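So this first bit is one chain, no partners, the form predicted on its own, shown in structure tokens.
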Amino acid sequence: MNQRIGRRIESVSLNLLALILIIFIVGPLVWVAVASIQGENELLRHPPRIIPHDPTLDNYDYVFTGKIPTAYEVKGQLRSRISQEARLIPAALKNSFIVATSVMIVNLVIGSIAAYTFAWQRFRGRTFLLNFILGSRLLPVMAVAIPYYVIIQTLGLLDTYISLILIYLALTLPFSIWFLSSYFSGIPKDFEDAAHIDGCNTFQALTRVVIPIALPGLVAAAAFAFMASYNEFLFARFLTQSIDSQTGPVIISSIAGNPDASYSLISVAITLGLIPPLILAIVLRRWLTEGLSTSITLR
């Protein structure tokens, strides 16, 4: 009887802790999404409303079309708390998506080939080279920010997609190679031997046998590369000067740093920025879970 009560108390306690954790993580995101569909007057009222009394999509309409929301007009005059930077969010998020997708694709191509080589091929200096690649990822980002900037400036690539892609590849490829090499090492080498017996060369064994088996690990590596590039702020701030290449984090920080910016428009910018990662997580959820759990088991 005491054991049953103890188990029930333990179960209730764990569920309560899980609920608190979910509220702590999801609560701010829900608040931002709710704030994005409120007028500023309603958003700043006291006490605040958890559920909007008069929800509106005028804030989103302004971001995409430039039509001024009625909530920002007072006696025919435009209020100062309208942020022009918010109009740049769609273009900035497009830039983020292009850069992050490019980095993800290159990570998969180069990372898979390099990881396959480190995992299943034996050559002199293999361990040293793998440790060197992983060690390069452990350098503080600020320690290489200025040298990277000088290199990009010398190459004449400032304010371009290419500059961001090259920098993000340098930041993400070491982890992708290390992660995928550990994942490939857990695959029985008999699969590769069978592919060679069937007439496949090394590249064909990789593309036709290893990659389909390692798909969950590849998805996990792709998601890491995408999210690291999509969310990166420091180099995007250093290397871009115009909306031709500025990414979402740069524009969102610009809006949030404006003391006259509307809280509703800041919420719109954040909400729009959250949509691509959420879609990616939902679509790849099954493979992400399997890939990450398998990698932990392998280690």
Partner chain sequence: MAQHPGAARRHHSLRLGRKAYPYLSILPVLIVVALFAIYPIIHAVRMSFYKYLLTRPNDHPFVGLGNFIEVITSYYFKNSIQVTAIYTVAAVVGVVIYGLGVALLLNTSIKLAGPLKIVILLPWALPAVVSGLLWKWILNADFGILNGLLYALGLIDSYIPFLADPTLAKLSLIMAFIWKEGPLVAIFFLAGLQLIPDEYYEAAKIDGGSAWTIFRHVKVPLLRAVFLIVIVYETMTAILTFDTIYVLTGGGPADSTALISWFAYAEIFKGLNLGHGIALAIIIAAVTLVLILVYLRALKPEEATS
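We call the rigid core the largest set of C-alpha positions that still match within 1.5 Å between the two forms. Positions refer to the first chain, counted from 1. Given the structure is predicted, the values throughout are model-derived calculations rather than measurements.
Not on display, but discussed next: the form predicted in complex with its partner chain.
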query	finding
Partner proximity in the model of the complex: residue 97 to its partner chain, non-hydrogen atom cutoff 4.5 Å	no
Touches its partner chain in the model of the complex: residue 43 (any heavy atom, 4.5 Å)	yes
In the model of the complex, residue 28 touching its partner chain (heavy atom, 4.5 Å)	yes
Partner proximity in the model of the complex: residue 212 to its partner chain, non-hydrogen atom cutoff 4.5 Å	no
Within 4.5 Å of its partner chain in the model of the complex: residues from 112 to 129 (heavy atom criterion)	113, 114, 117, 118, 120, 121, 122, 123, 124, 126, 129
Large Cα shift (2 Å or above) at residue 234 between the shown form and the other one, core-fitted	no
Threshold 2 Å Cα movement between the shown form and the other one at residue 55, rigid core reference	no
